[in-house]
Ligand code: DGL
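Coming up is one lone chain in structure tokens, specifically the form predicted alone.
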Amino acid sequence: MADGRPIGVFDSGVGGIGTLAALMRELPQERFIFYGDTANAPYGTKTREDCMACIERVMAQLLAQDVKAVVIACNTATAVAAAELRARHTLPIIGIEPALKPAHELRHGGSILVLATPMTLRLEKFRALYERYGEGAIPLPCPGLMELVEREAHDEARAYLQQLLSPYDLNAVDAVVLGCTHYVFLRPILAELLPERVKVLDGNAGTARQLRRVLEERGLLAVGPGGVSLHTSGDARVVLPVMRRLLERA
């Protein structure tokens, strides 16, 4: 039996639009509600308690719209809240995590650069992932980089990444892991800065496949028509056009 209720997707800002695009490609028949908590961004430099308070407010917004599942399109929010939210709610809650495992499988003796928010790199979820798949991996905290994506400040983002990568021999790098959903929109800049052989990985496709598996297992798939609505806690006149532009690019 088909379930036409929407799927909630949220991020601390607009970066999760890249995840949303992957979900829409994987499940075009589904309806999605995307919520960007831009008024409270970034999550990655907040305390765990402040981050959890923001996430609980967003969850209340989505649950009020009778969503059948929630995708946390934010690495920091997944690390902070996914386990607690799953313990508290019966609906499926799908998170995202840095693509360290696939990067590890692609490694050929070189290093793996992991770009992420300071919060993501501090939390136990990342440490556990790092212990299993972190051989050769170098975590690089990127405070302020998410905000450059939010502002579509491409030149500043390019300068930031040039400085971030300058200490490393990029010819000895096998992969770069984008450990924040915002960083997906930096792929064109990274393509300019990195040798062509370096793989750039994110967790979006894996998250989309996991959502499909869970919906199939629980009999929650829709039959269409699909669609999306975009929401923000910030200034909708400013943020929603940015979201639409990013969704087109993604």
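We number the residues from 1 along the sequence you see. The shown structure was predicted, so the numbers you read here are calculated from the model rather than taken from an experiment.
Separately, the form predicted together with this ligand exists; it is not shown, and the next lines address it.
- Under a 4.5 angstroms non-hydrogen atom cutoff, this ligand in the model of the complex lacks residue 203 among its neighbouring residues.
- Among heavy atoms of residue 43, some come within 4.5 Å of this ligand in the model of the complex.
- This ligand in the model of the complex is approached by residue 146, whose closest heavy atom lies within 4.5 angstroms of it.
- Contact annotation for residue 180: at least one heavy atom lies within 4.5 Å of this ligand in the model of the complex.
- Remark: of stretches 103-111, 117-125, 133-141, 169-177, the one touching this ligand in the model of the complex is 117-125 (heavy atom within 4.5 Å).
- If you take 1-18 and check each residue for a heavy atom within 4.5 Å of this ligand in the model of the complex, you get 11, 12, in sequence order.
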